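Single chain ahead, written as C-alpha cells, the form predicted alone.
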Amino acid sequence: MSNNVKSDLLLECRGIDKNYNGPQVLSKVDFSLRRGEIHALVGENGAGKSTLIKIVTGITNRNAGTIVFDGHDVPVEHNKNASEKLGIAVIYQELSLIHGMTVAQNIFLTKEPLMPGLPFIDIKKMNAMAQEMIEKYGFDLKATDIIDRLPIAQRQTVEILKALSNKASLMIMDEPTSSLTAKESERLFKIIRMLKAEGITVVYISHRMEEVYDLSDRVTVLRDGKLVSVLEGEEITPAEIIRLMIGRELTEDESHHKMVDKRDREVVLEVKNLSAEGKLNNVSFKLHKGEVLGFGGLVGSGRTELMRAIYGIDAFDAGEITYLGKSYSPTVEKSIASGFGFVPEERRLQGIMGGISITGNIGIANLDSISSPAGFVSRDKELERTQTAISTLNIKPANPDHLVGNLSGGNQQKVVVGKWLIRDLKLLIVDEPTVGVDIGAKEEMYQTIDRLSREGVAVMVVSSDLPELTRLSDRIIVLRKGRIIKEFTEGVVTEEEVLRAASGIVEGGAK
C-alpha cells in the first residue's frame, strides 16, 4: 500500500483480538475507514460489531492488535475520554441527552462558554453558538428548545450537533433509524450525506439492508467474530450482504412470498366495528385458522392500538369481538387462558423481565400449567417447558438459567415467542416481530411464524418493515388514522402498493 493511499485512511485496525476470560469475541479482525466515507458495519447479533466499536471508542480494551487513528497510534489502555479528544463520537439507539435541559445546554455540556473574567456561563453566547450550528446544517430546531419536548428524530440531530461541537472527524451511528418514521429516516440520510460532504467519516450500523445499500460507500461484514469481507461499489447488494452475514444464500421461499387466500377456513377471530376515541374507527375484519394476517400503516395509524384492544390490554368504546365462535369481552387473563398469545412491540418494557432467567420468563406465562392446585410451581415442569422452547426456537445460549437481559435482541424476542409456543396456542399477535434483530434471527422468526401457520395457528403480524410484511402475510390490511383504508387479498403485493395505501394515496389521487 502506498503512502498516498495510507494518508487517506482515518482509522486502521489490524489483527484485533478480544476475549472475555475464555469466549473469543473477535479474532484477528482488520477494519479500516477512509476520510469522508459512509462505511456500514454489518453482521448478525453476536458477530462482534458492538465489541469492535467499544474497542475503537475506548469503552473496552483489546487483547491484541494495533489501532492507528488519524496517524496516531492508539494505546491498548485507550479510554472513552481519549477517544472523544481524538474526534470519535458515537450516537447510540438509546440517546444520552440530559432531560430538562435545552438544546444548547446539551450541545455544549461541560464546555460552556464563560463570561469574560467570570466563572459564570454566558447563556446568551452559548445559545447564539448553538443556533449558528443549527442554521448551518438547516436543522428544524431552536437552541432554547427543551429536549423533553422534542421528537426522537430531532433529539438525534442534537446528538449529531453535540458530536460536531467536539470537532468529531468520525461519527458512529448504531441503529439510528430504529425509532424513526420513513420521512424522519430520509431526513437523517440527508444529514449523513451532508456530513460526508464535509469530510466527516460515518460508520453506519444497521440491520436494514436497504439502508446499508442506499447509503454506503463500503461495507464491512463480520461473522462469528471474524472479518468475512469488505464490499465496495457494485459489490454492495442486499442479497450479497445477507449471504455473507449468514454464510448462505436465502432460498426463494425465504425471500419471496405470494399471498394465499385462506378465507374459506374456520374463522378464529371476528372483529366488528371496533372503535376507540382518537384511536380506532369502525374497524372490522375476520381472521382464519392457519392464516397470517398482516397489518400495515404508518406510525400513528392505529395498528398497535387495535392489537392491544383485541387482546384486552386497552379498553374500546364500541364494537364486538367473536373468538372461536363465541362473543368475547377481552381481558389479558382471559386471553392467556384461552390460547391467545401476544408478542408486544416494546419487548424490553412489555415482553421480558431482563433481570430473571429464561426459565423464569417462560414460566411466568405458564403458571397455570406448571403449578399444583395449591399454587406451588413444579420446577421439573418449568424446566421441561423451558427446554422445549429453547430447542424449538434455537435460543442461544441454551442455558435455562441465563439472564434474559443479557441475551441478544434476537434471542430475547425468541424468549417472548417461546413462552406462548408451549401452550395450546390458537391465535398469536406479533407486533413488530424483528425490530433490532439481525438477519439470521429474522429468518428464524419468519420460519417460526410460517410453521405456526401450517400447524393451524391464526397469526396477526404488525410490521413497519414492508419487505417483512409482504414476505409473511397471506392477506394485508392497511390502517390509516384508525380506519381500514385498503385490503390486499391475492397475488404478489409490492412494498410500494402498501406504502401508497398507508400514505392515503389511492387511485385517482390522495385520500
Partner chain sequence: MSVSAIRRLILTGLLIAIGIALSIANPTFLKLDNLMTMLQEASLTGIVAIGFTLILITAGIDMSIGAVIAITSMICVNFISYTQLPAYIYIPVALAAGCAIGWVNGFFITHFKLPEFIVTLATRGILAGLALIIAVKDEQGFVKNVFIEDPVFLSFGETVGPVYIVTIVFILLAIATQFFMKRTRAGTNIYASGANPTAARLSGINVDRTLIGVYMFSGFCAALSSIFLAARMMTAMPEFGIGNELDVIASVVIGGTPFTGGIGDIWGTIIGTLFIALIKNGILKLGLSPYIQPIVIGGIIIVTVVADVWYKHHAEKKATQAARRKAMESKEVGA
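Remember, predicted model here, so these are calculated numbers, not experimental data. Numbering follows the first chain given and starts at 1.
This next part talks about the form predicted in complex with its partner chain, which is not shown.
*Asks:* Looking in the predicted complex, is its partner chain within 4.5 angstroms of a heavy atom from every one of K272, A318 and K334?
*Replies:* Checked in the predicted complex: no contact with its partner chain for any of the three.
*Asks:* May I ask you to state whether R379 is within 4.5 Å of its partner chain in the predicted complex, using heavy atom distances?
*Replies:* It does not: once its partner chain is placed as it appears in the predicted complex, R379 has no heavy atom within 4.5 Å of it.
*Asks:* Could you tell me if L280 has a non-hydrogen atom within 4.5 Å of its partner chain in the predicted complex?
*Replies:* Answer yes; at least one heavy atom of L280 falls within 4.5 Å of its partner chain in the predicted complex.
*Asks:* Against its partner chain in the predicted complex, would L383 count as a contact residue? Criterion: heavy atoms within 4.5 Å.
*Replies:* L383: no contact with its partner chain in the predicted complex.
*Asks:* Can you tell me if K28 lies within 4.5 angstroms of its partner chain in the predicted complex, counting non-hydrogen atoms only?
*Replies:* Judged by the heavy-atom cut-off of 4.5 Å, K28 is well away from its partner chain in the predicted complex.
*Asks:* Using a 4.5 Å heavy atom cut-off, which of 261-269, 106-114, 196-204, 227-235 contacts its partner chain in the predicted complex?
*Replies:* Careful reading of the contacts points to 106-114.
*Asks:* Could you spot which one of K162, K419, R218, H288 gets a heavy atom to within 4.5 Å of its partner chain in the predicted complex?
*Replies:* Looking at the other structure, the residue within range turns out to be K162.
*Asks:* Identify which of H99, K85, H72, K326 has a heavy atom within 4.5 Å of its partner chain in the predicted complex; exactly one of them does.
*Replies:* Selected residue: H99.
*Asks:* Out of closer and farther, which fits the Cα atoms of G300 and E211 in the predicted complex compared with this form, where the change is 3 Å or more?
*Replies:* Compared with this form, G300 and E211 lie closer in the predicted complex.
*Asks:* How does the CA gap of Q154 and V299 change in the predicted complex versus this form, closer or farther, if it moves 3 angstroms or more?
*Replies:* Farther: Q154 and V299 separate by 3 Å or more in the predicted complex.
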